[in-house]
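Next up is one chain by itself, shown in structure tokens, the form predicted alone.
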């Protein structure tokens, strides 16, 4: 197959776009599309300071590379989770992230969970779930808390994550199957800032996972190939499998599913349920949900008592 732009050999064929591109024009296309999505969804401006959450995987490192090449002020934050998997999964991902930052002269904040809180993510899961261990929920809660804290303390305008279209479509499918209106309301390419919490943006939300893997490969980005050892059997992977089957039969199905959802929200899908819409101001969250500062950490929470993270860590301390 030949590149649509120069007739050289294509490195990727994107059936959903009816577009094949070579190793020179594909990265250019990715950067152009990223810039377009940033502007379309009003994610951030050139003068704003960005904090990119990086894990050592293809999506987050590719995103940081793209923002760097586009000229944005983007620093990174890596969270050491203390997860093992043969050769330590966390050690490898941290090494690759630090290597990436050093090669480009970028600033990287490193937060080690065990050093900060005295336990690794698997240990916290065992301590707080009575030995049953639910590391994925503990991991997500901890990462969100730490990322928000680093962004707030560093006076960053926007916290940027590398969620791709496959991630977004799988999340959407799971929340639609249970009609979880709260989560559906909060799913968007960009979420406005709250008092004590930076704006959040997902510039890769319209890129397929295979497109980001191709970008990392063509750009020479070394990343950790293995999935987290705790990810096997999770619902998100199951939903991704279902969507992949659909995509095989109907190229572009994932993108259509996600974009149709965003259009439905824009057309007032939740208006009757949440009369104030999806904007947030000060300590009012999406849909007009009242937020309160956690008395322990100060981060916004929907309860007047301690936030979920602080309650969890109190159990660890006990």
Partner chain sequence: MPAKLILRDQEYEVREGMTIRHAIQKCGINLQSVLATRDGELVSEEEFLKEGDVIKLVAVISGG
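Numbering follows the first chain given and starts at 1. Computed from a prediction, not measured in an experiment: that's the story for all the values here.
One more form of this protein should be noted, the form predicted in complex with the partner chain, which is absent from this view; the next part is about it.
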item	value
Contacting member of 240, 109, 199, 206, with respect to the partner chain in the predicted bound form [4.5 Å, heavy atom]	240
Residue 17: touches the partner chain in the predicted bound form, heavy atom cutoff 4.5 angstroms	no
The partner chain contact in the predicted bound form: residue 12, any heavy atom under 4.5 Å	yes
Any non-hydrogen atom of residue 168 within 4.5 angstroms of the partner chain in the predicted bound form	no
Exercise: residue 236 in contact with the partner chain in the predicted bound form, heavy atom 4.5 Å	yes
One stretch from 244 to 252, 70 to 78, 97 to 105, 146 to 154 that, in the predicted bound form, holds residues within 4.5 Å of the partner chain by heavy atom	244 to 252
Output flag, 1, 23 and 227 jointly within 4.5 Å of the partner chain in the predicted bound form, heavy atom basis	yes
Residues of stretch 39 to 66 in contact with the partner chain in the predicted bound form (4.5 Å, non-hydrogen atom)	58, 59
